[in-house]
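The form predicted alone is given below as one chain in structure tokens.
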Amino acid sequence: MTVKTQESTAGWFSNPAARTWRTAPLGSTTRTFHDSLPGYAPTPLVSVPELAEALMVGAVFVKVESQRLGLPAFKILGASYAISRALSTRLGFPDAALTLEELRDRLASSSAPSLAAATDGNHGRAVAHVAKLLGLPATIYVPAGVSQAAKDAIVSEGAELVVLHVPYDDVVQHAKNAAGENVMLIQDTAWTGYEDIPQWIVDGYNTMFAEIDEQLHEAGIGRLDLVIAPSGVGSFAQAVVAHYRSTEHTPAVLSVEPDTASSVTTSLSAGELTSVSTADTVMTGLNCGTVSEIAWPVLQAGLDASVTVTDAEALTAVKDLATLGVDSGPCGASTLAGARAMLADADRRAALGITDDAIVVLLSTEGRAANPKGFSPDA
């Protein structure tokens, strides 16, 4: 028997063995916790036949995260669950995810910490939003390149905003240094000694995939061939891989990142965790130079492919999705750009086993209002 080796080219990586890898399911309590949040409802999974025709596949569905629990991005799924698990643990309930109401009641009679996070936009706003719901102070650290609209949105949640003129990885380090007994860091990047909260964030994303499974079933779709996810520090891609390598559905999973911040593709190609220098990009939430340490082994083993896209490709995808009635910002629309980069190439299609009847899901993780940069959110 011939064993295929992992293959990579500039801006593209594929691992033929990924779909045979299996792992344990993500946290099983996340959907119950999110059900307890005010305003929770599944986000739409939209069939877009025009994209299916253009991409030469059987069907394309877009998971639209432009409105999730009152915010224009998906990040609150991970932030809310991780904050609950972290505060529940602090209060003496290490295996629980107490509801926000339960947490408010218990924190009122104890020494409550403030929350802190580094962000490229959406994660920080989500942390600030949950802090406001809990009546806790929050400090959010951002690189200067985050759009003014995203900065204003964080401030509107009542958080203190600290703008730093350094790359995102250095912003994370600054937030790490500020954490302490009375300052709880809620970060989706993991490092040695800081793994629990990043893993709880990853677990929180599982609610989205549970929704997708139900929505496909309700639509009479019995299989799934390809799921495409944007990747920054790799935590969301980690969640996607973990879910689809622990269920009966075993689609190919493709991650997409900016060509100016290709930490996942570079690490996979190198065969080891490798930090990269980053440059400005309209895909602000993906502008990360280092993959999370807990994401790395999952991505290396179970991610079928990774591809990079340009700002121009992402902005074209934003415009095209808007024309089709889908509200998607550059990070979310990067999945369409990635689909085009992959499915237009016969060799890449073959590497992932994509046929003309394939069922494809694009994970659009934010709306145009989330972090408008390089385009008008109202265009």
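Only a predicted model underlies this, so the values are computations on that prediction, with no experimental measurement involved. Numbering starts at 1 and runs along the sequence shown.
Another form, the form predicted in complex with a small molecule, is not on view; read the next lines as being about it.
Taking V307, V240, I186, V233 one by one, only a single residue has any non-hydrogen atom within 4.5 Å of the small molecule in the predicted bound form, and it is V233. Taken together, the three residues T30, Y81 and I197 lack any non-hydrogen atom within 4.5 angstroms of the small molecule in the predicted bound form. You can rule out all but one of 102 to 110, 72 to 80, 133 to 141, 153 to 161: in the predicted bound form, only 72 to 80 has residues with a heavy atom within 4.5 Å of the small molecule. Among residues of the shown chain, G285 is one whose heavy atoms approach the small molecule to within 4.5 Å in the predicted bound form.
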